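One chain comes next, on its own, written out as structure tokens in the form predicted on its own.
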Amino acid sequence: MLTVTSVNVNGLRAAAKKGFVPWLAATAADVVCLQEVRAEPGQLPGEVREPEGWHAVHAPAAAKGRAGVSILTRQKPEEVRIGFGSEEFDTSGRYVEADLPGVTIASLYLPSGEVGTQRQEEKLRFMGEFLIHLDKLRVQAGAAGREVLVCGDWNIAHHEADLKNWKANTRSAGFLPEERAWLSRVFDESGYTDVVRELHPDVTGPYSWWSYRGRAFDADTGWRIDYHVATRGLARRAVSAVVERAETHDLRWSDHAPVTVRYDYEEYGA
């Protein structure tokens, strides 16, 4: 079995003080993908920067205190790559890949955007370049007999079932028609599968992000924007998916919850 967890930590130093460290010590995951780390490796406590029993690769952003992605693996990666060949985005702390036996796993933090601002234009540029990379990655991995899994905060709710108040957000970043159409291209044209939705096709959610404002968490007014996006062969091996939602608001160590999927993937242990 291959168990992979993805979570936006909303600042790893802050999460470490709120409960991330005991969560990591207790997880059964083989791989943990982190987003929005917002720290240089040297700024992280030792037990977070290099957790015992884990191999860690960190890809901080050139802009201090922003973005940042990491991958923690039980098994030492065969190779790691930061960025996807983008002159604009490779130092933005938004993408890192690790090759493990039979599978390439990536941690992605796609820009959130903001309608009517440069941030939204940045998001659209990222999406355009990243789709090209996804196509190339699938082809190259397939030629090498490998599967691909891109985990992370994609910052787009694909369908109405992926956010509670969809009617009020049709003009909001994260649920714009052009963003949702782009994600459809990832799944329909580029050969990838939304693993959690494939396992839970007829449910609302399960949400993975709730605003800290108001009572969003208590009312389960959330968004499903954290995805496991896998090539078809690996997606077919997914046997279970769960959002590790905290029992109460005060037990949260991020505004996102970990999304964990178990794959019956023998090649990983080969």
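All values reported here derive from a predicted model rather than from experimental measurement. Heads up: residue numbers just count along the shown sequence, starting at 1.
One more form of this protein should be noted, the form predicted in complex with the DNA, which is absent from this view; the next part is about it.
Shown alone, this chain has one stretch from 200-208, 49-57, 237-245, 30-38 that lies within 4.5 Å of the DNA in the predicted complex by heavy atoms: 30-38. Interface residue remark: Lys76 is not counted as part of the site for the DNA in the predicted complex, having no heavy atom within 4.5 Å. Using a 4.5 angstroms limit between non-hydrogen atoms, Thr260 is distant from the DNA in the predicted complex.
Among residues of the shown chain, Arg232 is not one whose heavy atoms approach the DNA to within 4.5 Å in the predicted complex.
Contact check for Ser112: a heavy atom falls within 4.5 Å of the DNA in the predicted complex.
Using a 4.5 angstroms heavy atom cutoff to the DNA in the predicted complex, none of Thr91, Arg185 and Arg224 count as contacting.
Along 3-30, residues Asn10, Gly11, Leu12, Arg13, Ala14, Lys18 each place a heavy atom within 4.5 Å of the DNA in the predicted complex.
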